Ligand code: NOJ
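We begin with a single chain expressed as structure tokens, specifically the form predicted alone.
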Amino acid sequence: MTALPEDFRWGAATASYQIEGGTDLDGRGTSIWDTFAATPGKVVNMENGSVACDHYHRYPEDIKLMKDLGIQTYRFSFAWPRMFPTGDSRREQRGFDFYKRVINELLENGIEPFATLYHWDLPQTLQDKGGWANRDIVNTFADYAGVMAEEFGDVVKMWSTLNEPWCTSWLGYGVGVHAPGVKDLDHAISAAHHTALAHAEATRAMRSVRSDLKVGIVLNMSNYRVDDESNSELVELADLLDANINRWWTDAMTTGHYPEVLQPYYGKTLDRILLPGDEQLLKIDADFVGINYYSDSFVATPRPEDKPMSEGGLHPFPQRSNGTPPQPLTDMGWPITPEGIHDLVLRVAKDWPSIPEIMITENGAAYPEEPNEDGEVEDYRRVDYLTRHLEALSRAIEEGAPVTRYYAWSLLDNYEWAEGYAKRFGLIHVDFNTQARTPKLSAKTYATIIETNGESLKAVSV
């Protein structure tokens, strides 16, 4: 492998509800995750983000840790209910002031802020009106985006509208394992459409305020691997899954259309929610697409218990996306497939050539290592995951993939949504009792990678 481009940027990522805490401070409104976490049976141990990593108070310490690691750019998210507690035009200035302090601290430490408008913590008042399943959310979100561009666009130039709208739509409104915990096929498809519209309308709103912003969307994407390519049913199934998770939002913003292969499954709902002119609204030039990549997916023959969503399963077509994954698995039960990040970014560059820039906006692994008797966190498995994925990514860049940035997930051990505090993704260990921070071996390895702009990865090159 050759050295990465000199202007390649190295970062780390977090999300507001997962790290901030302070959910009842300074006028912040209730989010759907506050409500969901308080519902018995939804989150491991009924844990919530009321304290999390206490980043609301400890952000100077966390930014100092970033600087020490050589982090060049930090991807964070705004908590919508911290600034607009009731999801309407009523502002909470203390929320705006908090993010101004964070951004100023980043800039003073030479770290570029990269802001995400929405990382899943919808104001509960908007969910009470139907949330992402209600088309009204599109204009509401665009209004929010315009205000944020006005307030912060002078110092924040990198923006993503939505983080992983597939998870918002399907995990939140289809399967119900994420907030708001709805289990309804029509609501899931509606949310998928409305998030695609909201991305485009928010982008237009922000660009109307400032023309110097770079605006994109962050998608969780995966390669669907079929062991038996001669099995036409499995190949078709993989294509349906790929259309559902990978092509829905990319096709919408580049062509104004959704994948036709999904029409037999979503037809009646799409016919109802697609309005005249939506195809023109969906299409929007993207400055970049952010990819959150964790692992490939493996498709096997559906089992009898893998029912369609209408009968209680995950999708409106039979599926099984974890057929025969390679071992070992991470603490989340996910396979380790570094070659997948190489293949995926090359595929995106080939299939959607109108997208000029790709960023890896999340990539990481959950492992449970705690500090040893010397106070060191020797997370060798995370080091291996990190270096192997970055080596594969560097080869893809060498082969022409327009990847310009990499953000490790996550800076800190944090609140891992429905898993509570049971899963640790951080480069930095957090003792949730004392809030003590301890950089792990993976953090020190990442610091070396950043310092050498990837030259140190040559040691793992194959």
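No experiment lies behind these values; they were computed from the predicted model shown. Don't overthink the numbering: it's just position in the shown sequence, from 1.
Just so you know, the form predicted in complex with 1-deoxynojirimycin (NOJ) exists too; it's not on screen, but the next bit is about it.
Checking 417-425, 391-399, 39-47, 53-61 against 1-deoxynojirimycin (NOJ) in the predicted complex, the stretch whose residues place heavy atoms within 4.5 Å of it is 417-425.
By the criterion of a heavy atom within 4.5 Å, residue 298 is excluded from the residues contacting 1-deoxynojirimycin (NOJ) in the predicted complex. Though the partner is left out of this view, residue 120 does reach within 4.5 Å of 1-deoxynojirimycin (NOJ) in the predicted complex, counting heavy atoms only. In the predicted complex, none of the heavy atoms of residue 23 sits within 4.5 Å of a heavy atom of 1-deoxynojirimycin (NOJ).
Shown alone here, residue 362 lies within 4.5 Å of 1-deoxynojirimycin (NOJ) in the predicted complex, counting heavy atoms only.
By the 4.5 Å heavy atom rule, the three marked residues 163, 334 and 409 all count as contacting 1-deoxynojirimycin (NOJ) in the predicted complex. Comment: 1-deoxynojirimycin (NOJ) is not present in this chain, but in the predicted complex one of 125, 292, 134, 330 has a heavy atom within 4.5 Å of it, namely 292.
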